[in-house]
Ligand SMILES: C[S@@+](CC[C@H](N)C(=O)[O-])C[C@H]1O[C@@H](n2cnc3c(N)ncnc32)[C@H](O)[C@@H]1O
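The chain below stands alone, shown as structure tokens; this is the form predicted on its own.
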Amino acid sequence: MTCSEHFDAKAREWDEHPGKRNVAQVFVCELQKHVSLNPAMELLEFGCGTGLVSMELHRQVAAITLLDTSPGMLEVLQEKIVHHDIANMLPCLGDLSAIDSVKERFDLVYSNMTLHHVTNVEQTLVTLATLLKPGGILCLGDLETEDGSFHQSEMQVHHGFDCQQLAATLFQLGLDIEHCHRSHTMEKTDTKGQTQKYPLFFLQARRPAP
């Protein structure tokens, strides 16, 4: 089963999971605390899933492009968009290559709990940084380094990250680091019935304005 097929199978029940809703809400709160959204802004969410994050942001901005490789997730998202008659959320099927970085730049690019599924993290960070307008902001939320028990499956490519190391990479790419901190500690029951704690980080960087 590919990663997109895995998420296709989970799409219909995704929003019913309180843990997933809570993690999305934590990220939304961090983003809104540190980023001043305004009605002229154009946003990109990388790895949008069913849109739990972007559904909380779309009323405050001009437009959001929502990118995901799972058709099942985007189908659920599209149904929500139609149901709520939302005009400024634009789902897009594919990876980052689906975005033309020559023609499209964004005021805010964000991704929550997606990076640990990405094979080439460094190249992904390069692309995300490239998609920022001058003065544009990148916000990332994901797992801190863990022992591999979070997913316990082939769906997880990386066992979390050291936030400071990611920040150092973004700094080398020319971005200014504005925030890099632990945002939340979630609890999850493993296959043995044991409750494990998994810290999450929030990382924010900005492309300098000319």
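When you see a residue number, it is the position in the sequence shown, counting from 1. The shown structure was predicted, so the numbers you read here are calculated from the model rather than taken from an experiment.
Omitted from view is the form predicted together with this ligand, to which the following refers.
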Q. Where, among 31-39, 177-185, 161-169, 44-52, do residues come within 4.5 Å of this ligand in the predicted bound form by heavy atom distance?
A. 44-52
Q.
Quick check on His117: any heavy atom within 4.5 Å of this ligand in the predicted bound form?
A. yes
Q. Is there any non-hydrogen atom of Leu200 lying within 4.5 Å of this ligand in the predicted bound form?
A. no
Q | Touches this ligand in the predicted bound form: Leu57 (any heavy atom, 4.5 Å) | A | no
Q. Heavy atoms within 4.5 Å of this ligand in the predicted bound form: does Glu75 have any?
A. no
Q. Along 89-122, which positions have a non-hydrogen atom within 4.5 Å of this ligand in the predicted bound form?
A. Gly94, Asp95, Asn112, Met113, Thr114, His117, Val118
